[in-house]
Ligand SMILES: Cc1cc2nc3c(=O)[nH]c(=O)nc-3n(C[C@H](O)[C@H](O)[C@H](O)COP(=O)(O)OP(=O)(O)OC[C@H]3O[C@@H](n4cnc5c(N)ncnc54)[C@H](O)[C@@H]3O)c2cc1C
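Only one chain comes next, encoded as structure tokens, the form predicted on its own.
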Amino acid sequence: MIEPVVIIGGGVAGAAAAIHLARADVPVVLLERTVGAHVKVCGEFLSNVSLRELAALGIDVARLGAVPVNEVRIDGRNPGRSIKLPFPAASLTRERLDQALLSVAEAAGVEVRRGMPARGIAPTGHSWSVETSRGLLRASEVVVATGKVDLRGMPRHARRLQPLVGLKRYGAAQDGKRVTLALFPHGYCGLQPVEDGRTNVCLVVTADRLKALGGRPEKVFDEIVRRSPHLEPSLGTASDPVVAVGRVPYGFVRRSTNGAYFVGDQAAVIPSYCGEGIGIALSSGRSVAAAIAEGVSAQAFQADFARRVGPRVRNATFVSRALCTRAGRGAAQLVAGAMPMVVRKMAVATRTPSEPAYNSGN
């Protein structure tokens, strides 16, 4: 019996990898720890890279209700100047996108096992043993696509990275089809329209600042309102639930592996203001499927992917650190107001580069 490739995680990266592998006639089992779609701390921005990758997977984002996004604005105490994005973009909730991707995966022949988290993996000769909540699975290869949650015994080391906490909730609809980047002391917040007349409000704040506010996420939203009162209608209310993820390792890039393939946020974590997290996830899913189908080792794949996305993540992380400082916030608003071309060039420079054409045996 041919052992399948086991993919751990049914988010964007895991589902994309599963679809591409199944279409290459590789048997795939995908493990998803949750039973159904749920809210995730994600900006939900679909860049031109994401739109291209999703179209290749057969996903029509317009039919799913995606909202076109064509402008970006950088706000401080007052509204900033709107700048036209240099590429097409859209916004779609992860609940709707993730469900659509898993449906396509199942239609392609992927065996999707929901409500079945993986607890650990171990090499066994020329294959793998995957420990799950329902026993052991044998796998020819393992793809780790667990997003912001690390698999047991495989933490992403981020000791030198800035400790930031991600928070998210949905607010009322804002005017226009734009992304607003609101700057505030110790963090920044992104607002953009999503389907059903809502606004995705997703922010990062330093762990120290959240601790100083008593660990209460709603206090962070209150600070944004005090600094930028014009955003209050879209920021949500105390009754709107907040989801959080602690100490996101923005700037992390995995350059080596234990023999498993790592994709999505397990491969690289670009700061959220770039709006390219989904693009990296989809691109890594396509790339890992090509690598496995052509016999490219996990280490060769991981090193190559790090070479491609590393410079973009590094530059974006530098800007992210600056945005959490007073001087950096002032500089960002000055540049956005006086030199919008710089903002557009930065948007292009943080997109995911095309995947390589692997040669069998590399």
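Given the structure is predicted, the values throughout are model-derived calculations rather than measurements. One-based numbering along the sequence shown.
Just so it is clear, the following notes concern the form predicted together with the ligand, a form of the same protein that is not shown.
Only one of 28, 42, 332, 66 comes within 4.5 Å of the ligand in the predicted complex through a heavy atom, and that residue is 42. Think of it this way: in the predicted complex, the ligand has a heavy atom of just one of 199, 180, 287, 272 within 4.5 Å, and the residue is 272. Contact check for residue 93: no non-hydrogen atom falls within 4.5 Å of the ligand in the predicted complex.
Although the partner is absent here, residue 75 is not a contact residue: none of its heavy atoms lies within 4.5 angstroms of the ligand in the predicted complex. When the ligand is considered in the predicted complex, residue 53 lies well away from it, no heavy atom lying within 4.5 Å. Put simply, residue 33 is close to the ligand in the predicted complex: some heavy atom of it is within 4.5 Å. Just one listed stretch, out of 80 to 88, 206 to 214, 273 to 281, 226 to 234, contacts the ligand in the predicted complex at the 4.5 Å heavy atom level, and that stretch is 273 to 281. Counting a residue when any of its non-hydrogen atoms is within 4.5 Å of the ligand in the predicted complex, the hits in 5 to 32 run 8, 9, 10, 11, 12, 13, 14, 31, 32.
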